[in-house]
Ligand code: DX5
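Okay, here we've got a single chain as structure tokens, the form predicted alone, with questions on binding and movement later.
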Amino acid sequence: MSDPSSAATTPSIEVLPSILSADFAALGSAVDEVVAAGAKVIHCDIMDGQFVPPITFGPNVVAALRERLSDDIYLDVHCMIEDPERQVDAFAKAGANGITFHAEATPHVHRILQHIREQGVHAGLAVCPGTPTEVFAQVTDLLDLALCMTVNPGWGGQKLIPSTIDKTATIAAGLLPTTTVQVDGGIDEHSAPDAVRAGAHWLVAGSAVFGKRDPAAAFQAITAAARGAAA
């Protein structure tokens, strides 16, 4: 598996362009542009119309990206879907490097984390802004990634909820030092430094990248702001 953080004790700071906000009619070119600008991780938001109202795409799009991109580009699959255990094998087969699912979507958190890892894929667990952080404490040894949603999931372009910065810090404090802390929602060059100072390593940015006239420059600006806060 390709993982920008695998060689370090502490995960590296990465900005993850989210294709949810990209032009789907030119998805390949949009992803190529941010990869050329330095993106190492591409974030794929999977929505089923049940856990969240919108419907996005499935394993076929992930497989197409995997075929298009070099092996050193990490595909980060974020499942905002009910019964995520039903889709793990399909996304693993499609070429996902990491699969994250929501604690609110299933009573089988421990079992699903185990199953994801058995597929040779990194396992992540996500929580919505209103979900207590205690869910992470029972599975710290199985977590490769912990995702704190900094907006309510479902739509791009939302503003970051300020209280989720403190929540990110609480989550980070309870994890193993090698676990990647991810935030998703309302991340731009202004909010990224606060998220990094709270303990986030991977910052998902959708409309703040693909919603700009020059996505490559926007990606680089957010990355510079995030890494500057970690220096």
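Since the model is a prediction, treat every value here as computed from it, not as a measurement. From 1 onward, residues are counted along the sequence shown.
A second form of this protein, the form predicted in complex with ligand DX5, is not displayed here; the remarks below concern that form.
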Give a yes or no for residue 12: in the predicted bound form, does one of its heavy atoms lie within 4.5 Å of a heavy atom belonging to ligand DX5?
no
Even though ligand DX5 is not shown here, does residue 154 get within 4.5 Å of it in the predicted bound form, heavy atoms only?
yes
Closest heavy atom of residue 205 to ligand DX5 in the predicted bound form, within 4.5 Å or not?
yes
Although ligand DX5 is absent from this view, report whether residue 201 comes within 4.5 Å of it in the predicted bound form, heavy atoms only.
no
With ligand DX5 left out of view, choose which of 69, 47, 63, 169 has a non-hydrogen atom within 4.5 angstroms of it in the predicted bound form.
47
Tell me, out of 112, 77, 125, 80, which residue has a non-hydrogen atom within 4.5 angstroms of ligand DX5 in the predicted bound form.
80
Ligand DX5 is absent from this chain, but in the predicted bound form, do 149, 158 and 186 each have a non-hydrogen atom within 4.5 Å of it?
yes
Within 4.5 angstroms, counting heavy atoms, which one of the listed stretches 161-169, 193-201, 177-185, 24-32 is next to ligand DX5 in the predicted bound form?
177-185
Partner contacts for 108-142, taking ligand DX5 in the predicted bound form and a 4.5 Å heavy atom cut-off
none
